[in-house]
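Given as structure tokens, the chain that follows is alone and in the form predicted on its own.
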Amino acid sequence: MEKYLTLISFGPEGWGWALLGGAWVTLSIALAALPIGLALGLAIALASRSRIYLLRAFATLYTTIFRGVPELLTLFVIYFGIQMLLQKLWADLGLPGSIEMSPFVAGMIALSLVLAAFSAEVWLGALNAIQKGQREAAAALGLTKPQAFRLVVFPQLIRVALPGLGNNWLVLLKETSLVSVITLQDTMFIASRANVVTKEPFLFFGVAALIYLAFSGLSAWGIEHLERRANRGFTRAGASR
């Protein structure tokens, strides 16, 4: 037992600081991808409801591709493929030096694109759940479409979509482990390297599992709190009838 405690300690022979740093990278890349993925997903959902055929076709194509292609393949295409194209373009323009995409940026972009595809379905379902009369009432009050969306539709949209978006966030947390394959030093990367050095797979992969479980548990608590807050006025209104 003393040996295991030493290996995960924060001392000179322990991997504690490295694991803590890996956990921070995991949380950081998830938090960086979240707003981009949710905003892009909302845009895709709105495009799928557009009267313009090309926008609807693009939304359908986007969600079909990124929901059907493995996340790891998306990550490889962004990190290796897009980076190669950027370097070629950089050279063709005759610019000095070279351009490189960091593993963090590549992982953030890939996870954001995948999250957008799945969150778009959640946003779309929430949009369809909002009664048409809400928009008609906003128009009757003289609100423009952007004002109606911001003041009337979006607050209701968040309440309806929050459970599904919470599930998307929990999935995103687990998918961050994929970035370890492009050498980003996240939780899985550090656990794998510690296993190679110490030959203690159960110890370090067990610690990694506890880190992900801790993030998921805290997230579930936070999502539940947000849901209660979002439904506070709605619940009181329903109870008063």
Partner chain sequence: MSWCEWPGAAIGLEVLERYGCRMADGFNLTLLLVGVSVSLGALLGLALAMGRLRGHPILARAIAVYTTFFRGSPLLVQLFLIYYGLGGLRLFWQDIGLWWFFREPLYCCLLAFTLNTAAYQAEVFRGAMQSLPSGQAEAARSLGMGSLATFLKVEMPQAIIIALRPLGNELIVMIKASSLAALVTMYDLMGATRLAFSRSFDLSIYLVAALVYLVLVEIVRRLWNFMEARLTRHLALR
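Numbering follows the first chain given and starts at 1. Worth saying up front: this structure is predicted, and the values here are computed from it rather than measured.
The protein also exists as the form predicted in complex with its partner chain; that form is not presented, and the subsequent description refers to it.
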If you check in the predicted bound form, do S28, F58 and S112 all have a non-hydrogen atom within 4.5 Å of its partner chain? no
Would you classify L54 as touching its partner chain in the predicted bound form, given a 4.5 Å non-hydrogen atom cut-off? no
Q | Contact label in the predicted bound form: F118 to its partner chain, heavy atom within 4.5 Å | A | yes
**Message:** Taking its partner chain as it sits in the predicted bound form, is A140 near enough to touch it, meaning that at least one heavy atom pair lies within 4.5 angstroms?
**Reply:** no
| Partner contact for K174 in the predicted bound form: its partner chain, 4.5 angstroms, heavy atom | yes
Per contact check vs its partner chain in the predicted bound form (non-hydrogen atom within 4.5 angstroms), the hit among 143-151, 99-107, 130-138, 79-87 is 79-87
With the partner omitted here, the residue among L40, M188, L34, A47 that in the predicted bound form has a heavy atom within 4.5 Å of its partner chain is M188
Contacts from 163-181 to its partner chain in the predicted bound form (any heavy atom within 4.5 Å), listed N to C, are K174, S177, L178, S180, V181
